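Here we start with a single chain on its own, the form predicted alone, put down as structure tokens.
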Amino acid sequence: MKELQIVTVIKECRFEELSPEDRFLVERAKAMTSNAYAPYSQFHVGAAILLDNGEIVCGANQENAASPSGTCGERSACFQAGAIYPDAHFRKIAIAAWTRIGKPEGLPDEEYFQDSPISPCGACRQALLEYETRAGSPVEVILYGRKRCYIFPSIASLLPYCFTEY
């Protein structure tokens, strides 16, 4: 029997250490959290995708009482980007999230964002991977947290042994 090891090298940095382009993309994702409809989970997720045509397409999670009929912020953004700009390829995606659960009321809005980054769920990873595979080039992933950000080199790096053929 042979043992295999999966290694993903990611970057960790503070928000201030991101490039101006990446900070702008993260700020768009953060702003989109305000558009989340999250009456059940109280967890607001925003995503912003930079396309190779220079456009930025954003999304936010949208919940529904008939769970799982809603959609995550990442899929909201990626499906919108695919519908509006079907020939454009994804270059980067930034994701941010916050909740007031377990935190005192009245804090500045920034204080409600997660301290550490959250990553996309499996369904979002698979959906985003479809666009990365279609483009034939990696899509950088920037995960925002108040205390640290993570930068992954690609969607595939979030989903080892990914499903790419049907």
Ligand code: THU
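For every residue, the number given is its place in the sequence shown, counted from 1. Not measured: the values here are computed from a predicted model.
Same protein, other form: the form predicted in complex with ligand THU, not shown, and the subject of what follows.
Using a 4.5 Å cut-off to ligand THU in the model of the complex, each of F43, N61 and C72 places a heavy atom inside that distance.
The single contact residue among I101, C121, A31, L107, judged by any heavy atom lying within 4.5 Å of ligand THU in the model of the complex, is C121. Here the chain stands by itself, but in the model of the complex one stretch of 23-31, 131-139, 61-69, 107-115, 61-69, has heavy atoms within 4.5 Å of ligand THU.
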